[in-house]
Each structure stands twice: as C-alpha cells, then as structure tokens.
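In the form predicted on its own, a lone chain appears below as structure tokens.
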Amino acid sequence: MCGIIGYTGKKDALDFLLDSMELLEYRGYDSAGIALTEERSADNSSQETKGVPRIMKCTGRVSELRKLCHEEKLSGSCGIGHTRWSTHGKVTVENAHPHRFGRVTLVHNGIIENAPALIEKYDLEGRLVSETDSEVAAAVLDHFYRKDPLEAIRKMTLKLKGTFGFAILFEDIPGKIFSVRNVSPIVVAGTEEAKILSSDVAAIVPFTNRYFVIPELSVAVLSKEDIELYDMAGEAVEIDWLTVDWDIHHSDKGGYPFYMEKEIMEQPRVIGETINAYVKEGKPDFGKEGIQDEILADCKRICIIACGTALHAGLVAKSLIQAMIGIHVDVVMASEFMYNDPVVDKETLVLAISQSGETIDTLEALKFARSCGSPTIAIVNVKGSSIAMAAEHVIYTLAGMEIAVASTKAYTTQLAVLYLLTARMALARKLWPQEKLGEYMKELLRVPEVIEGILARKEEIHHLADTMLNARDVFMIGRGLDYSILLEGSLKLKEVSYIHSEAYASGELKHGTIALITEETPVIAVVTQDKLKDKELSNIREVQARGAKVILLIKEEKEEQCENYWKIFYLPVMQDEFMVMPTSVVLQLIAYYVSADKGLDVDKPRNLAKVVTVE
C-alpha cells in the first residue's frame, strides 16, 4: 500500500516527483524516497557513473524529503519516487524505497510472498541492506540482468509469488523507466514534454487526462520520446487509452484546511452528478453499462462483498433490497469471504463495492465469484481499476478524486448507486407501479438539496463535536437502518480522532453492552425510522438512567421534549429509507471537527492508508 511515481522528460524531474508524491501520500506516509539519474555526456562524466541514480530517502513525510533533496541539490531528468506504508520491515531509512541492488534500482507496491525462499535460493543472506521483500526483488532482477531488461524482468516475474507493481531503473539504460505489475496497479500517461507513471490516477490528473493501465504481467517502457508496451514474450502490445473524467481543478484543497472537509462539502454536487448519470426519462437506467433487466430479475439472492466503508454501504443496500424487493442479501467482509466456504452460484448476483477499485481482498473475492459462475457488478470510482476490469459489469460512482484517507463522498455516491440499483431491480421484477417509482425517484433527487441544508448548519454540528473532544469512549446506538448508518459514523470517528467508538444495535444494550455506560460516556443516538421510534426512544432512556450523556439525532417531524437530552440535532425530514443520506453527513462532520479541533492530521490518520492493495 504505497505510492509510486515515475518521470522521464525534457525538464528536471525533482519537483514534479515530489509534488506528485505529496498527492500520493494518502497511499502511505511513514517514509519516502526518490532516485534520479542525470544523462551527462561522456565528456563530464565517466561511463561507469553517468546512469547511476542518486537516491535520497527518509522516514516521515514528503515535506522532509523535499528539504533533504534541495539541501543536496538533487537533480535529474529521469527518476522514480515512493511513499511507503510499511508491510515488511520497520519504519527506517534503510527500509524506505527506492532500493538498489547491483545495476537495478526500483520501487515496489505489493507483497512478495516467497521472499524468504528467494533469499535462500539466490544466496542473499548478509547481502541485503533492508528488511524488505522489495530489495529481494531488486536482487533477483539484478541476478538475471544481462543487458536485456525485458528478458530479465520476464525471468524475475516467473520467480515471484504475490502481488507487485514495480518502477525500475537500470543504471546502464539512463533516461528509461521500466514497469511491470501483477494485481498492484500502475497507470501510465504522457505528453510531448514527458512520460510518467504512477500507482494512482491522482498523480496523473494534474498532468493530463489521458492514461492507460498497464495490463497484468506486461512491461511498459517509458522514455522521453515514447511509451512502449510489451507482453512477457517481448512482443509489442497495443495500448488501450482511457480518459479521466474528473475536473483537474478539483484536485486541490480549494481553500479548505483539509481534503476531508472539502470532500464532505462536495457531496451535494457529486451525488447529484452520480444520480443524473444513471437516470433516463425519470427511471434508473444501466443500459449503457450493459446491465440488462434479466440480471436483476433472475437472481435468487444477492451477495455483497466489500471492506470498511464500502461494506457499510452494502449493509444499507441489504436493508433496502430485502425490504423493497423481498430477496435475501448477504453482506460479507471481502477479507473473510474466501475463508468461510462461500456459497455463490449462477443464481447469485454478486456486487463488489470499492472506492479505488484496487482493494485486494475485494478483487480476489470477485474473481472467485466469477469462477463460480455468478453474475457480477462492480461499483467503483476509478476507471480501468482492477476490480472494474475483473467484473462482468461496472457502475462508476462519480465522486471524483478522493484524497482524504477517511472516505466521505465516495461512500455517499456508492449509496446513490445502490438506491438506483434497488429501484431498477424493482422495475425489472415488476414490483412497483409507476406512482411508487415516481415517489421514490422524486425523493432520491431531493438528496443533494437536503444535504446542502445539512452543510449550511455545519457550525451547529461543530458545537456537537466540541462536547466529545475529551471523551475516551463514544457509543452510538440505533436500530435497523439507523444501526447501519452508525457503523459508518463510528468508523469515521475512530479513524480520524483516535477515540474508541462503537456502534451497537440498541436492542442489544441489555445483553451486555450497557455495562460499559458511565456518566462520562457520550452516546450518539439516531432515531430516523418511524416504525422503530418508540423502541429506540425507550432504549435511549435506558442509557440515560445510567447517567450517559445522550446526543440525539432525530427526524424533525414532531417537537420532542429536549430537556432530557444532553444535546439534540433535528434532521431534515425525508422518507425513512432516505434518512441515511443526511444522517451520514452529520456523522462525517462530527468526526471531522473532533479530529481537527484535537489538532490531528485529519487527512492522514496514523497507521492507515487509503488504498489497501495487500491482503
């Protein structure tokens, strides 16, 4: 789970690489490094040293690396950079990338599972500087290198087990970058001035809107003049170019102190754009995506596979689909899917949800489902991503680039797609009359406006957050859809504020959880489902009787007695099933303000990376 960038071009590469690495820090930020080569003539440089990269690396953020590089006057027109999120080896300068072994310098994303066996096979014990599997790969590549980089890369990949995305420099081929991948993503782009590669389109967007994803086990070769693509047999491969549809100008903070706040504030726009992209003549329509009604009408059950925030979106979909369509829905952690003897077949529609489209657990679960004959639909945010390419069909959310590690707008645009998919499924199965569909779509189309109203009250929500700054624990309680909302709200709070937070189905309180409630414990209670309101309020009274400080988020339908609650926030009124949207935004803002007011780095919480590409 690391950020990779490469540049070869007509200008000095240093500042471009460093700027791009800062954009990629959400993929890893415990250390950073850069390798640059400068093509000098034989007149002022010996043949032995002219292509040898100069390497600078450090623990900590890219800002520290920038200082070091400028102090050392590092320069060069061809280079690779890396931001690390450690998987093999501690956070040290030695373990930071790039790694050099012999004539090879490389950066790596992924895990080489057979690294210990390779160390023994190639007699590397005592010859390695770091504790990383990445340096092992560099050593194996150097072992095979005999002036033919494509042949050496082919032989290396045959020896590796695991996932990898490499950007490689050979010291006797200055000015060229070689790249190969297996699962771990690498994208490539170019203009007349330079050719670049990256582990993420986020670094491509400020540079150009045209790119391609390196096919698995293919080798891309970047030079100042050209980009070439080869298969493992050394045959040239035609490049399949894609276009980024994100607005380049939306890639900065837009005047906000953190990306997370900016991305929260963007939600009305991106939700509206996502909904409108899949509505035709007032009905949800996925014809352009090749999703025929038969896929939605004929399945006997649905299995949703996802991780983290995407999993919570899946739980909302489960409640919607079971209530409105009447078929069974399983929501399974992708990381556990393969180990629980999953039962999926041609009558099981599998939905894979991922912001990045690169979540390795979800990708492997999706591949397994396809091998079982299940029809599959991916809901992702990134064109050309691994999950998008692995699925039978794909629906893109139009969240745009999401930089903050804690997902906000990606989550709500996933929800928007799932609401649309539910309605299309009801139509495919002939369950809804036109009147019901009209009411449903009218309410869904209101969502951006309702969220605008929530965002206009953000200072009111800020005051709620102030009450939790010194809390050690926060509990969240609700039933039904409210419980699904709170699972995501609790995750947001713990991710960015480091406060221990748990969401509980409020009916379970008396089965043990209530023992944790004290007079010092803030409890966020959500009440948005009319049919469950009386039961939820009764559960709230139980925690109040134990001295808990209750922050109540409730739909503003009737005037509630406020004096019994520590704090109360009235939510705008929507039909019950749509209350997920405004409530989620309130919980996002609470988490954001708690973190910001504690002086934490909201966008880059400790120990977390945005894209999880290792199992």
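Note that residue numbering begins at 1 and tracks the sequence as displayed. Note that the coordinates shown come from a computational prediction; the quantities given were computed from them, not determined experimentally.
One more form of this protein should be noted, the form predicted together with a small molecule, which is absent from this view; the next part is about it.
Checklist entry - So which of Ser134, Ser506, Ser199, Ser354 gets a non-hydrogen atom within 4.5 Å of the small molecule in the model of the complex? => result Only one listed residue qualifies here, and that residue is Ser354.
Checklist entry - Heavy atom within 4.5 Å of the small molecule in the model of the complex: which of Ala310, Ile485, Leu415, Ala399? => result In short, Ala310.
Checklist entry - Is there a heavy atom of Ser407 lying 4.5 Å or less from a heavy atom of the small molecule in the model of the complex? => result So Ser407 counts as contacting the small molecule.
Next on the checklist: Contact with the small molecule in the model of the complex for Lys195, defined as at least one heavy atom pair within 4.5 Å: yes or no?
Outcome noted: Result no; Lys195 lies far from the small molecule in the model of the complex.
Checklist entry - Can you check whether Thr274 is within 4.5 Å of the small molecule in the model of the complex, heavy atom basis? => result Close contact is absent here: in the model of the complex, Thr274 is far from the small molecule, nothing within 4.5 Å, heavy atoms only.
Next on the checklist: I'd like to check something about Glu495: if you look in the model of the complex, is any of its heavy atoms closer than or equal to 4.5 Å to a heavy atom of the small molecule?
Outcome noted: Yes.
Item to check | Partner-proximal stretch of 186-194, 355-363, 370-378, 390-398 relative to the small molecule in the model of the complex, 4.5 angstroms, heavy atom | outcome: Of the options given, it is 355-363.
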